[in-house]
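Only one chain is given next, in structure tokens, and it is the form predicted alone.
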């Protein structure tokens, strides 16, 4: 995890929030560094994590997590991490790997036998269901990234229904947290993706929006991030708190600074 980002968010692994829906949004840049931050943050916090990884392999996330001081393999062995490798699940489903009786693939909608994401929700619900003897602080659902479901043929309504039921189950009933990454491009003609993004923004407690620089590539400033705390979601007359910073991604860390105050500029 990145200590500077924790400071900006007022977050601590000793006191993780409960019942929060966090949206990670990236435009003209790669926001995956935020996924790695929250994955390592919640594992260090002692939370039970269900990671629906639709974009990369387990080895990819494991290598990055190792740089951040977290072992995903060890977390899986002790039952703290439930990892769904979407790439492997897609190949198994599309190229004839037989399903176990009574255990349908979480991505069953790819087979055309159903159009909803009920199997994926059931996977999340069972993975995060409290078990006798568990000592984890709270359940966490992490999705990287939700836009892939649309690319695989899921309807926007099905994706939004999936998130809605996950919020009810994880955030409301289990008092856990959800973190979801989506790609967006305001100039894109992909209306379905933008519909999902805008709907998620409306229902999020916290939005971290990573954007590429309008001026193009810079070796000392990799992009800017908007931290939007949705106070209006909890207070009818409240206004959202928006903070904007620029950032630079390093091998094992990400540094944040006010716009125009990069050490290279000063």
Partner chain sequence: MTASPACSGGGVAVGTLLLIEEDKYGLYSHLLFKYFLAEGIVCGHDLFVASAKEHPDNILKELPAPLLDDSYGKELGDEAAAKSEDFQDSMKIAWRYQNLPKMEASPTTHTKFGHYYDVSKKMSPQLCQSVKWHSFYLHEELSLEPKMKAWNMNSGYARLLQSIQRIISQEGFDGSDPQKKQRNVLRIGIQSLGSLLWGDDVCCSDTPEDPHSLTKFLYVLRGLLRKSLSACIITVPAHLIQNKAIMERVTNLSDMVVGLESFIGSERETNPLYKDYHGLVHVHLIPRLNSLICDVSDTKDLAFRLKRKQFTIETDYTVVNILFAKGKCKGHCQRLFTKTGKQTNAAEHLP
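Treat the numbers as computed from the prediction; the structure is a model and nothing was measured. Positions refer to the first chain, counted from 1.
There is also a form predicted in complex with the partner chain; it is not shown, and the following applies to it.
**Q** Judged by heavy atoms and a 4.5 Å cut-off, are 23, 75 and 226 together in contact with the partner chain in the model of the complex?
**A** Checked in the model of the complex: no contact with the partner chain for any of the three.
**Q** Tell me, which of 148, 171, 128, 163 has a heavy atom within 4.5 angstroms of the partner chain in the model of the complex?
**A** None of the others qualify; the residue that does is 148.
**Q** Tell me, out of 110, 119, 195, 157, which residue has a non-hydrogen atom within 4.5 angstroms of the partner chain in the model of the complex.
**A** By the 4.5 Å heavy-atom cutoff, the listed residue in contact is 110.
**Q** Can you check 43 to 51, 207 to 215, 226 to 234, 30 to 38 and let me know which stretch has heavy atoms within 4.5 Å of the partner chain in the model of the complex?
**A** Stretch 30 to 38 is the one.
**Q** In the model of the complex, does residue 202 come within 4.5 Å of the partner chain, counting heavy atoms only?
**A** Looking in the model of the complex, residue contacts with the partner chain do not include residue 202, since no heavy atom lies within 4.5 Å.
**Q** Just checking whether residue 239 would be counted as a contact of the partner chain in the model of the complex - the rule being heavy atoms within 4.5 angstroms.
**A** Contact check for residue 239: no, nothing within 4.5 Å of the partner chain in the model of the complex.
**Q** Hey, in the model of the complex, is residue 244 touching the partner chain, heavy atoms inside 4.5 Å?
**A** No, residue 244 is distant from the partner.
**Q** Classify residue 70 as contacting or not contacting the partner chain in the model of the complex by the rule of any non-hydrogen atom within 4.5 angstroms, answering yes or no.
**A** Residue 70 lies outside the contact set for the partner chain.
**Q** Let me know which residues along 44 to 81 have a heavy atom within 4.5 Å of the partner chain in the model of the complex, or say none if there are none.
**A** Going through 44 to 81 in order - heavy atoms within 4.5 Å of the partner chain in the model of the complex - the hits are 54, 55, 56, 57, 59, 60, 63, 64, 67, 68.
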